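Only one chain comes next, encoded as structure tokens, the form predicted on its own.
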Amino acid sequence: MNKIVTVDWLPDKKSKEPVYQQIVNYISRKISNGDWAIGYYLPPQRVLAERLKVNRSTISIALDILKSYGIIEGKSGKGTAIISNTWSIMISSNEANWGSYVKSGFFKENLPTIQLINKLEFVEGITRLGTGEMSPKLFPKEVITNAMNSLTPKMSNLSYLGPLGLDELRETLSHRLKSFGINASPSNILITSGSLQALQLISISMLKPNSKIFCEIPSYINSLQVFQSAGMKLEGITMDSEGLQYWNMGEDMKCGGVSSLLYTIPTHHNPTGIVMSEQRRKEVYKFCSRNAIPIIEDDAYWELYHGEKPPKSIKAMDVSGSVLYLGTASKSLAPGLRIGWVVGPESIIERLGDVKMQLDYGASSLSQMVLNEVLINGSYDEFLIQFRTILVRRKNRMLEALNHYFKDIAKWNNPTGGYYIWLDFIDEVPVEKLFNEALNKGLLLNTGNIYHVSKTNSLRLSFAYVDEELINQSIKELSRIVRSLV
């Protein structure tokens, strides 16, 4: 996918200057000051018109003028690319060209598809069929409001907290984790700014360059660059209906003395929804213990089961401190709280806490207080019961739509928890072209290649975000688009 520029400006429709000329000047200016480098692409015309709140004909006129200047060019099947900064040189020969610096940092760029998705998710009028978060309509406003009201009389300040986070929250999590079979004292828990930050902390403070990170294939971790930016390599391991086929790690566990680590999402796996069986969890733990391979267990979805509770975590059977356990409130309460936690040996937690203080000096004090209040007053568990019911209803509605419109062209799972349905097309479908065609119709997809190390013929569909009343209509439209491509 292409590197798509961010458009954060609106033309002044009251100005005497024509709107198309304002757009020409804006794009020329962004190129001239180095914000948009050669090789970047403009958003599709439809998206650009929606962002700028103008007619597509106005966009077309402006782009034609820019093409005549020789600084943009339509690329067949790819979009409109910035091909020259000749215009910027004409405007000002003394401007610094930041394009050469963009890729110089050690932290790798996100995958182009992910960058585009991250931008388009905030465009009005887009239906998000793959987004991995709960719909804003499901936000537990009353739960959060009550917690805030209860906290207000108690708060005397919002000062920085200690390196490991709010003491009261870590104490609360310690008690809660015990009900999951995880024995962890507050000193074994670090509060992070979401579980994604936990992965970053681990990658930059504990692992050596060239370390090998084993993970399921497909896997959420493939949609990130957090480990690769720290010089590590991902090694995909296949799954079956019971989860990770750990025996396929085989002789690759240690290569030339390079250390290895396993990253796994055993419960309601992202993106496939697979739940690792209890027996397979025991086998994975024994295998990794025997071969001295530490485990990062990402348990973001455990509480979002749709019926029977899933097996206890791998961390619950950990007696050697070889499992780092990641939890979060982002999937089950509110993504904007940006609160997660790492559970592990004290020495590791202290190390991660020290690095975290250097990065951001601690997660939000207010968010930690709110989460602690929600957990101790019982409203969180009450909300979870309601939320699970809603997820089941949404899932069933999407499954019904798939059965109606996709049963002859795709296969998919029926997840027992989490947010996702993993769909595999029966015949070959050009998923990148599907992505673009769907976007032109206002549908934003998460294609399978985001989560895979190689080409896939799949989609991750999420029933947690898309408006419930739009599920059937969106799946119907998606079916029409797929059939036009095969």
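Start at 1 and count along the sequence shown; that's the residue number. The structure presented is a predicted model; accordingly, all values stated were derived computationally and were not measured.
The protein also exists as the form predicted in complex with a small molecule; that form is not presented, and the subsequent description refers to it.
Proximity of Asn413, Trp422 and Ser462 to the small molecule in the predicted complex is absent: no residue of the three has a non-hydrogen atom within 4.5 angstroms.
Exactly one of the stretches 188-196, 343-351, 225-233, 210-218 approaches the small molecule in the predicted complex with heavy atoms within 4.5 Å, and it is 188-196. Interface residue among Arg388, Arg397, Arg338, Lys312, judged by heavy atoms within 4.5 Å of the small molecule in the predicted complex: Arg338.
For the options Asn372, Thr80, Thr127, Thr328, the one in contact with the small molecule in the predicted complex, meaning a heavy atom within 4.5 Å, is Thr328. In the predicted complex, at least one heavy atom of Asn270 sits within 4.5 Å of a heavy atom of the small molecule. Of the heavy atoms in Tyr263, some are within 4.5 Å of the small molecule in the predicted complex. Among residues of the shown chain, Ala300 is one whose heavy atoms approach the small molecule to within 4.5 Å in the predicted complex.
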